[in-house]
Ligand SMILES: Cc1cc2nc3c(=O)[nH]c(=O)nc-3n(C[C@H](O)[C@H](O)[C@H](O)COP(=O)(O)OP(=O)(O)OC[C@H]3O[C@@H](n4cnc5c(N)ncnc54)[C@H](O)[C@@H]3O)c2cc1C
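What follows is one chain in structure tokens, specifically the form predicted on its own.
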Amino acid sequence: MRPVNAVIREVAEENPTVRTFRFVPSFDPVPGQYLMVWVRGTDEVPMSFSYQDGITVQSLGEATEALFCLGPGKSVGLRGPLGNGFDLVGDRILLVGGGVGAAPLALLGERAREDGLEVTSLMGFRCSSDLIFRSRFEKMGDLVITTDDGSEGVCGRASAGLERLDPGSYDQIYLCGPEPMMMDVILRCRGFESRIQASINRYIKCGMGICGSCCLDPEGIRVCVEGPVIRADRLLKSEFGRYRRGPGGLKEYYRR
């Protein structure tokens, strides 16, 4: 798939390190699908949809820093929608997100409300100033917020907010965010892993299932085409939550 030329029509600052970029043209993604974003002269990187015509990005590296230098009227190359998104199941769902992982869940929750589902959201951030999309989630239904420093809501990771909810009462749980947080949620929901869908982040180069950079041990799951949304019972049989591979293919272990 060749990139299409897309023009940035709007840039919104969500917090000091996170911005939303809205494009022309628009797309028709399944929530959870992603785009390969080509910042010309720098790199091509994967970004999940936060709107049908937009992505929400945290400045973390060379490509995102270069993207942050672009404003309305500038252009990028886009390939997508790519990968498998979330599958809406049941009548009552729980969204659990951490940091910028809230972005694809916001799009999913709005789609679920349009379809008449009951939506509860549990969103975790480092501190109150890091919050994004609060009003979007409040419009969907009940919202529980956690912060690592206790500056807003429950003190702790997003998983700490599970104590205020009954995870077993939901038909499906949807996760996106830092991998240790997602693994913590999965382990706290033992017994119904088949009802949990997680959007995971791996090093993606091609976005077409060819290069193998994003594969999960030991099954060789190609995250770029079989994911990025994968059911938790399948993830528990993989490297998920223990390590990931960086650009050079070396294992990067998570802290326990």
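Residue numbers run from 1 along the displayed sequence. Predicted model only: the values in this text are computed from it and were never measured.
Another form, the form predicted together with the named molecule, is not on view; read the next lines as being about it.
> Given that the partner is absent here, state which listed stretch (162-170, 118-126, 179-187, 96-104) has heavy atoms within 4.5 Å of the named molecule in the predicted bound form.
Result of the contact check: 96-104.
> Can we say P31, P81 and Q197 each have a non-hydrogen atom within 4.5 Å of the named molecule in the predicted bound form?
Not a single residue of the candidate spot has a heavy atom within 4.5 Å of the named molecule in the predicted bound form.
> Does E62 reach the named molecule in the predicted bound form, with heavy atoms at most 4.5 Å apart?
Yes - in the predicted bound form, heavy atoms of E62 and the named molecule come within 4.5 Å of each other.
> According to a 4.5 angstroms non-hydrogen atom cut-off, is N201 in contact with the named molecule in the predicted bound form?
Looking in the predicted bound form, residue contacts with the named molecule include N201, since a heavy atom lies within 4.5 Å.
> Though only this chain appears here, would Q58 touch the named molecule in the predicted bound form if you measure heavy atom gaps against 4.5 Å?
Looking in the predicted bound form, residue contacts with the named molecule include Q58, since a heavy atom lies within 4.5 Å.
> Does at least one non-hydrogen atom of L216 fall within 4.5 angstroms of the named molecule in the predicted bound form?
L216: no, not in contact with the named molecule in the predicted bound form.
> Enumerate the residues of 75-97 that have a non-hydrogen atom within 4.5 Å of the named molecule in the predicted bound form, in sequence order, or give none.
Sequence-ordered list is empty.
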